[in-house]
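The chain below stands alone and is given in structure tokens; this is the form predicted alone.
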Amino acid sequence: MDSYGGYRSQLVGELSAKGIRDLAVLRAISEVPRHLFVPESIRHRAYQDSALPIGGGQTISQPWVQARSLELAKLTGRDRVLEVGTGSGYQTALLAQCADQVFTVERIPALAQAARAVLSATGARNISVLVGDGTLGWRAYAPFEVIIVAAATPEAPQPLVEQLATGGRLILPIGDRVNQVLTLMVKQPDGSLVTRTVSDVRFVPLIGQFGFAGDLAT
């Protein structure tokens, strides 16, 4: 018996009150067990609308930010999605509910391994996980209708722009290591991007060849 169902319903109500309208996104949040994706010591906080630490200096993002990102993606259920920054795997699980295929890249092996285990336990079958530099994307499965980046970057990584399908949506937080703006970019037939800024956010930095400098092994 799922003793957390009521908490998920409360979270859905809270997100609805904050302006989330996409019914597929809200349904995914009502079904995916977020408490399984956070450390057991803070599981009692799993359904708060707040970011939580998951170890290794990483976080599971605020549910509103993840819901807004998915809403901006305008997922149809037929999309091929690239997620940069698997983290806990929670957003990956939400994407799996709303898309056809999800390809997710995580630079920290321990996080990728833990996410694989939880995602498997929840029954997700349309997810592929790669350990590597997410700023390089996953060219073998491009183009992607949607790319969601779950870490802050000073600008859109060029490989991700190249791997975005025409008409595709790229959602990412752009800024410095402290202050960022959630941004939606839509790729035009001529390869240009139409950009829309959405809201101020706070993410950990995107480490990689086309992100912030850092040690990819940590």
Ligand code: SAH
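It should be emphasised that the depicted structure is a prediction, and the values quoted were computed from it without experimental measurement. Don't overthink the numbering: it's just position in the shown sequence, from 1.
What comes next is about the form predicted together with this ligand, which is not displayed.
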### Message
Taking any heavy atom pair closer than or equal to 4.5 Å as contact, tell me whether Ala150 reaches this ligand in the model of the complex.
### Response
yes
### Query
Applying a 4.5 Å heavy atom distance criterion, does Leu15 contact this ligand in the model of the complex?
no
### Message
Taking this ligand as it sits in the model of the complex, is Val201 near enough to touch it, meaning that at least one heavy atom pair lies within 4.5 angstroms?
### Response
no
### Message
With a cut-off of 4.5 Å between heavy atoms, is Phe144 one of the residues that contacts this ligand in the model of the complex?
### Response
no
### Task
Quick one: from Gln180, Thr183, Gln163, Thr59, grab the residue that has a heavy atom within 4.5 Å of this ligand in the model of the complex.
Thr59
#### Entry: Listed residue (Ala46, Ile54, Ala28, Ala156) with a non-hydrogen atom within 4.5 angstroms of this ligand in the model of the complex
Ile54
### Query
Relative to this ligand in the model of the complex, which residues of 75 to 100 have a heavy atom no more than 4.5 Å away?
Glu83, Val84, Gly85, Thr86, Gly87, Ser88, Gly89, Tyr90, Gln91
